[in-house]
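First structure 1, then structure 2: two forms of the same chain, each alone, as structure tokens.
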Structure 1
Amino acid sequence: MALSGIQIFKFLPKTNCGECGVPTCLAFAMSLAAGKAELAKCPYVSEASKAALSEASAPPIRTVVIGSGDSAVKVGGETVLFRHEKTFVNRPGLALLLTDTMEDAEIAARVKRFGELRYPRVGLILKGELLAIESKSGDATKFKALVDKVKDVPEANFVLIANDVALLKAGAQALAGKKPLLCAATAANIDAVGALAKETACPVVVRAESLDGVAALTAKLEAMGVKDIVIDTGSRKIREAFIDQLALRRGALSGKNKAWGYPSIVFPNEMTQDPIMESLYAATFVAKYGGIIVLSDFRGETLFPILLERLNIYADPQRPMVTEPKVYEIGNVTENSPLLVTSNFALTYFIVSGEIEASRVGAYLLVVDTEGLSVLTAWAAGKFAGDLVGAALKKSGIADRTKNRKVVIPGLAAIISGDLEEELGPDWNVIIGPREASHIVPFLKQMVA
């Protein structure tokens, strides 16, 4: 479990030298416990203390990396049962299923959807990350041909699913350097699959029919020197699989069963034939506590809600979601379009931009960096002041893109209008906008009438 500041302090040199950037070792320990500093900043901590701290502070659920490069998927690494206790760390990876019995046209269509179904949101691109390649034919030639066909799909990571170790080996060799997840090691083949995982440095799934069976398999792989493990409890009914996920997380976090301290993989695609029910099952495992979620297909109408749920649950509750500070063009803008100003708190941005879109009036929206605070809170904290908004407007270059010299500020921040006029000079006219976003539509329509 994560260490407290006092526990970390016991490992520090207690010199109070200040070279780490804070005045005392106790303050530095508190920063480490809060995740606001790195141990490497202390120049005098001993190697023994580094090792002890690393082992003691390791999360009870191991972090496992699938894939390589910037698009690799990290799962596990969790330290809490409920998000509000601190935060969830590594969001679950979503996998699209491909099998070696599918027609080429179907495979191509699915790969196309994998690449195209991407949604920009609060400065992020929401998308699925993995292709799950399953051998249903049992034919090594067909399986390898499928792997070869999709191995160069951009930003794809891979799960290889086969009962035959020879097939897993062929797939792993075809994906050399890409660190696919090997699925799965069972009581019958664990020696061979474990050796393959160790040889290829690939993470591996263990599958058993009970949680005790899972514990026995993870312990055996650990003894073989294989550490990057993902758990499949074998449940293919929603109730049993849901209970298994709860038991794994609670057992690992409580320390009662360290052999369960690994992320999991779940298969909603095998639990139902109904795509709507499958998406509901997937949404369940996003919340509780799937590490990798395999879907039978990616469809925009079911994938987007899952991605949005994942974004919301895995956003750090202690850090506001923010939008990139800049000028956004909403609708069909011209050089005479109005200019509105708001904060970069993501919820504020989406509400305001949505109302502007609903008005059907093309407008510019200047998003000011308020460190993720809403307009009123940012004003109270001195981060939405007239001089700061004016400086952001000048820096944005909007004056070169429009002849309109009217800027609309939120009604709740009307008090900054004088300072803003002084900052911008006589060429600009500051207009007090509505206090509520719901009044933006009639306000804009009247403004351009």
Structure 2
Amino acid sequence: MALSGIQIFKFLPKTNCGECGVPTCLAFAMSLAAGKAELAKCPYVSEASKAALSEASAPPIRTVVIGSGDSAVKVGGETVLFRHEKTFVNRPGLALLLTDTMEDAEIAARVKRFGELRYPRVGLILKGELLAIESKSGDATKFKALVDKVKDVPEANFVLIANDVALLKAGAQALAGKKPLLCAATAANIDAVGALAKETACPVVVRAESLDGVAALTAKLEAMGVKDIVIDTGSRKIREAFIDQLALRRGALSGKNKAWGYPSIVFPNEMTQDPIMESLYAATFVAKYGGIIVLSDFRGETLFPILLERLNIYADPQRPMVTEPKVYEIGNVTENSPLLVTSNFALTYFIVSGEIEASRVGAYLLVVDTEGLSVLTAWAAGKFAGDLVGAALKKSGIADRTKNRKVVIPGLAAIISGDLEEELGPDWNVIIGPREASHIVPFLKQMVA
């Protein structure tokens, strides 16, 4: 459960040395409570305090890491039911299914898609993170051969899906050091699978037919000293699986069902044959609490939208998404293309650039660093003032790239035009653009007509 600043303060050295970057221990404690600082910034906190703090502040849903190194995927660690209450923290991992009954060519094509289907957006690369390797044949040799074939796929994390502990063991050995997720421990095999998870330090899925069954299995693993657990409630119908996700999250966050305090794994791939329905199920689990989402395939037309939804839902409502401040070329630009200016709030950038693109008028878009504030808010906060925008324009070097000397400012910030003209000097002509992005299309068409 989250601790208050005062509760955290009791564990700090109270020396007010300031080395953490804030002047007092109390202020640091407040920052920690607000999630704005990390305990590691304090060089003097004792190991005992550290352990006590991490125990006391452990989120009610455990964070589980699958894989190793930079591309490992972290799931769980959530603390709220609704994203607006704070934020969702760890984006659900998306897994691409491979089975040992697929042809070699099919496996190769899937692995290729796994590597290729990645999408740059707001400074991030959106992509799926996992390969889910399933034994359909039950044949250990085939399973091991498949694992061996794909074990070195770059940036892949793995889920091993088999009922037989011997297969999971073979797979885990082939993936030694890569911390695959073992799937699954059931009432029938939990002793053996639990022992394997402990021995290999791999995270493990528990699967039961009911939530009570899940609680019994996680309790058993905890007793064995296995902590990195992921829950499969066994439901393969969307309504049941949806309610299970709600139950797990509510039970864990309320503290009433501590045995449910782990991330989940869901299987839209087993819930329908229709790729669009499957994507709707995945969309449901992105919004409502899926931890790992297994997909029957990665197809650009459904994967890309799922990734966009995931980016949106997991965006931190307390921190605006920003885009890199620089000059963007939109459409086919020439040396006479118009120059527009906007803020670096990512949403503003997306909407403005989308409208410019829709106008089919090639244009330069100068994104000014407004610390993620939208145009009007940034102007009100003094971060979209005429002199700042002018300085950003000069610094961007756009004057060397175009002969055009007209700069279009957002209609909402019309008031800065005088200051901007002054800053830029007589070479430049400041034009007041539309107040709403939706009017950019007719505005640009008219401007170049």
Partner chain sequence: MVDFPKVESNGTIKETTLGSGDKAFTIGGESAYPFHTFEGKMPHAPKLAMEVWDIAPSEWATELNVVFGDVYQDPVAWAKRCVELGADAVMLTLASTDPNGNNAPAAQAVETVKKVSKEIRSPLIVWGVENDAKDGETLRAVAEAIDDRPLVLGPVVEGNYKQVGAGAIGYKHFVVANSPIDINLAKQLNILLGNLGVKDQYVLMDPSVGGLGYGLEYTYSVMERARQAALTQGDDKLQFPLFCNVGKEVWKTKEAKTSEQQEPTWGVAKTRGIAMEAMTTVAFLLSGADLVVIRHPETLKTVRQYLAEMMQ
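Here the rigid core means the biggest group of C-alpha atoms that line up within 1.5 Å when the two forms are laid on top of each other. Residues are numbered by position in structure 1's sequence, first residue being 1. Because the structure is predicted, anything quoted here is derived from the model rather than measured.
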query	finding
Index of the chain form predicted alone, chosen from the pair	1
Yes/no, Pro325 Cα shift of 2 Å or more between the two structures with rigid core fixed	yes
C-alpha of Thr218 moved at least 2 Å between the two structures on rigid core	no
Large Cα shift (2 Å or above) at Ala391 between the two structures, core-fitted	yes
Leu12 CA shift between the two structures in angstrom, with the core used for superposition	4.1
Rigid core superposed, the C-alpha shift at Val375 between the two structures in Å	2.9
